[in-house]
Ligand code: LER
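Single chain ahead, by itself, as structure tokens, in the form predicted alone.
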Amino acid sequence: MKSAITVCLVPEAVRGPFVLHDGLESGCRVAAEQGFDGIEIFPAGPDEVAAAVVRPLLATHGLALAAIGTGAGWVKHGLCLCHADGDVRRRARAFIASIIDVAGELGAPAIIGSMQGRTSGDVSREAALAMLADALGELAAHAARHGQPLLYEPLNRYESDLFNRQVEAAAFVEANGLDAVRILCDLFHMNIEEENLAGALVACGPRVGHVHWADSNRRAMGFGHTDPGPVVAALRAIRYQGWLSAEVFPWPSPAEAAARTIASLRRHLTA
């Protein structure tokens, strides 16, 4: 398993759960200094993460790219895949596809989290799930052309009412034949929704495609009450070889959040 830390390039998300907020070059430098294997980027748009920009920085600092998030489409532009307005849905797909393209060129997957949307007065759950299945199918096919999966992240009940639990999301993906979609298991969301973190991971098995390594309070692992031991044991049991990425608040400081994260990963991955 590999370690990553989040780098946010979106000013509107400065209070969001991302560790590093001082630009891509600074983020790469800090990630390398702290000993991470790679970075996960939350950009404002595709131009910020063009291969010509990102590849030299990764090479200079000896890093890999874990994934690129699409959430700025929601945060900056109010776009989501289950919006009542068809034009908004089309623009949401186009934004995600543009991120898939730049991520794919760099050999990494894209993440769909907040851009999935939720039900509303104008969109029933049945309609929202049909919209989601159709969008994931189209976008996963787009990602597959780059040789990458599409990462779908179940969110907690306060952020979305589509899928909150990992097994339910995995069953939805399976039922809709979305073979190129993998589940992003975020331990913070799981702490809210799952009865047993390790059990949920084992139940998802090979559908697990990415993990957000966060404690129960969305701080770095070790600042909350999550027991990482059973989580790592479960990931080993399903032969997960992917990324453990710190999507956490920069508390009490970015440097300390980074240091606490890498220390927790080293301790549990070498045990």
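Note that the structure is predicted; figures quoted are calculated from it, not measured. So that there is no doubt, residue numbering starts at 1 and follows the sequence shown.
The protein also exists as the form predicted together with this ligand; that form is not presented, and the subsequent description refers to it.
Proximity to this ligand in the predicted complex, taken as a non-hydrogen atom within 4.5 angstroms, holds for one residue of V102, V167, A128, L155, which is L155.
Site annotation in the predicted complex: the residue of D179, D134, E159, E193 reaching within 4.5 Å of this ligand with a heavy atom is E159.
Although the partner is absent here, G117 sits far enough away that none of its heavy atoms falls within 4.5 Å of this ligand in the predicted complex. In the predicted complex, this ligand lies within 4.5 Å of some heavy atom of G113.
Heavy atoms of R207 never reach within 4.5 Å of this ligand in the predicted complex, leaving it off the interface. In the predicted complex, none of the heavy atoms of R219 sits within 4.5 Å of a heavy atom of this ligand.
Note on the interface: of 226-234, 29-37, 210-218, 52-60, the segment with non-hydrogen atoms within 4.5 angstroms of this ligand in the predicted complex is 210-218. Contacts between 231-264 and this ligand, taken as any heavy atom within 4.5 Å in the predicted complex, involve only E247.
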